[in-house]
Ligand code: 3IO
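Form predicted alone, single chain, as structure tokens, below.
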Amino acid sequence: MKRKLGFVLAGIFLATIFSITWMPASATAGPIKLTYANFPPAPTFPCVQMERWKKEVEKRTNGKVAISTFPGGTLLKAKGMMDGVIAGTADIGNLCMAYQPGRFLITNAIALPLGLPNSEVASLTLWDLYRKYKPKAFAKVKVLTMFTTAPSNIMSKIPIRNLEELKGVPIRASGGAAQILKAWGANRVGMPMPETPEALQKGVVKGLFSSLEVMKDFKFAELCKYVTMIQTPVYPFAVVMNMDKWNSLPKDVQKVFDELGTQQSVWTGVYMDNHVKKAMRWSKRKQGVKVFRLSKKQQAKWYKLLEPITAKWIEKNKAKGLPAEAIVQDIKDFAQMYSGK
């Protein structure tokens, strides 16, 4: 009897071991762990949207996915973001396409001075532009979403109410803004945003040309007591994922990521526009910042000077075989649609 009982217990033990050994990996493994790299400081809008996306993914997958975020260039720097994701240094990365204008020709067209009214409209326009043309620059990654800054305006230590007062003034700007400032007669100075406060204090620059949330985020309102509203251009961002990592994800997780594409684009645009409004309310109330708004006649004059920039872009990229005129027209049409016009 004891011997028989021993065989039974041994059989149960072996069956238990067998079931554990052959149990599906999904039942025993922990969550799918992903890394997400970003380059600006944590409080800035690209990182705020990153944290929101992380939270939403983890919620919608019921904890099946766990994402570790790395703001402030701690995992990948700004200009190395795309190649770092392709190489697998990070599973996901957020990049500003304006830092590599020759690499992202089609999507960087959104930064042309086309008068896009706000970040929400511009973000949806950019997302549609990408989905229509599927640029080869993104062939080695999975694109998760795209969005833009709010339109750029001039923040300055001196009042700039017209083109005459802007002429020859050194202004910090990045990317395609150099051409815009040149067309208006200003002296564009290129430098990273973190170096700008010291440059303003030392008089190396008299202002900067960027979206207005930096008045509060970088405390530029303490140095720049004037804002000239011109509302152009916007700058494009993309969130991309390593293709091998994407292909390794279960279909239900991929579905969650895909569903979030447009939703995240809209969320970021709305957040950005509201954040700019809050930053400007703070700047005016707490820092005494004065805002100059151009008359319709003045604005038309400023914009007229920018038309050759778009014309030159079309000519240059047509020569490269791109449907440049169609791309610009699509941007205008998408923007009108999302503006409700």
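The structure displayed is predicted, hence computed values, not measured ones. In case it trips you up, residue 1 is the first one in the sequence shown, and so on. We call the rigid core whatever largest set of C-alpha positions still superposes within 1.5 Å between the two forms.
Below: the form predicted together with the ligand, not depicted.
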### Query
Are Pro40, Met193 and Tyr235 jointly within 4.5 Å of the ligand in the model of the complex, each by at least one heavy atom?
yes
### Message
Within 4.5 Å, heavy atoms only, which of Phe70, Phe45, Trp313, Trp302 is in contact with the ligand in the model of the complex?
### Response
Phe45
### Task
Only one of Phe218, Tyr130, Trp184, Tyr226 comes within 4.5 Å of the ligand in the model of the complex by heavy atoms, so just point that one out.
Phe218
### Summary
For the ligand in the model of the complex, the stretch among 206 to 214, 138 to 146, 103 to 111, 243 to 251 with residues bearing a heavy atom within 4.5 Å is 206 to 214
### Task
State yes or no: in the model of the complex, is some non-hydrogen atom of Cys96 no more than 4.5 angstroms from a non-hydrogen atom of the ligand?
yes
### Message
Using the rigid core as the reference frame, would you say Gly207 shifts its C-alpha by 2 Å or more between the shown form and the other one?
### Response
yes
#### Entry: Core-aligned C-alpha movement of Val239 between the shown form and the other one, 2 Å or more
no
### Query
With both forms fit on the core, is the shift of the CA atom of Ile171 between the shown form and the other one 2 Å or larger?
yes
